[in-house]
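Just the one chain here, laid out as C-alpha cells, in the form predicted on its own.
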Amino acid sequence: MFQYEKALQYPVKIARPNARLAKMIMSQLGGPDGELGASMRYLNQRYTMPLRELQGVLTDIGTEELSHMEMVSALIYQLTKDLTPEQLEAQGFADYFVDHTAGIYPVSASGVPFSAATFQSTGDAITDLHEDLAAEQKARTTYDNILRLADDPDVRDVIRFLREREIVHYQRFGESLRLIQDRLAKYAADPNNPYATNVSFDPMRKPQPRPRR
C-alpha cells in the first residue's frame, strides 16, 4: 500500500508570482506528457506485468509521479497566488481564469484538458515498457523546454529536480526491459515453449510439452 508523507518530495518556494510561467508549467500536470498521465499509465500497467520485480518498479515510479503532480500543482498555485484579475489577464492567464479562477485543473499549456487517450496500457509487457521509455523522454523534453523559457531561479531549481527524476525513471525502465527480454530469450530457446513466437507470454509459467500428433 501507499504511505503518504505530508511533505513535498522536493521543496517548492516561489518568491515572485508569474502566471505566464504557470501556464507553461501546467502542461506537466495535465498535458499529453505530464505527471497525471504518467502516474495513471504506470499504476494501471503494473497489474499485467508478469514479473513481481517489474510490478514493483511500476508501483514505485507511478507513486513517485503522484508526488510530482503535487510539486507541479504547488508551482502553479504559488505562481498565481494573490495576483489580481488584471495581472492575470496581462500575463496571459485570463482564459484559464474564466473557467477555473486560480484553482488547479489538469490542462496542457495550450488549454486542452487532460485525457486518458494520451497513454496506453496494452497488457503486453514489452509494448508497455517501450511506451514507458518513450514517455519519460517526452516528459524530459517538456522540462527542457520549460527550462529554456523560465528565468525564475526558484522555478528552475524545481524543474531541474523533476527533469533529473525523469532520467532516472528512464534508466529503471531500460533495466526492466532488458530483464523481460532476457527471460523471453530463455524461454524462446526451449523447443517446448508454447510462447516462443508470442511476446505476450507469462515468463513465470512453466512451459508445457507440445501435444503429439
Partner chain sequence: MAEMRLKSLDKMEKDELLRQVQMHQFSMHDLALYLDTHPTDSEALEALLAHREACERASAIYVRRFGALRKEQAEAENGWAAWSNTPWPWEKEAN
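These numbers come from a predicted model, not from an experiment. Numbering follows the first chain given and starts at 1.
One more form of this protein should be noted, the form predicted together with the partner chain, which is absent from this view; the next part is about it.
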item	value
Complete contact of A38, Y47 and R160 with the partner chain in the model of the complex (any heavy atom, 4.5 Å)	no
Listed range touching the partner chain, judged in the model of the complex by heavy atoms within 4.5 Å, from 23-31, 140-148, 38-46, 175-183	175-183
4.5 angstroms heavy atom contact with the partner chain in the model of the complex for I167	no
Distance check, V155 to the partner chain in the model of the complex, heavy atom within 4.5 Å	no
Partner proximity in the model of the complex: A74 to the partner chain, non-hydrogen atom cutoff 4.5 Å	yes
Any non-hydrogen atom of Q78 within 4.5 angstroms of the partner chain in the model of the complex	yes
Those residues of 124-152 which, in the model of the complex, come within 4.5 Å of the partner chain by heavy atom	none
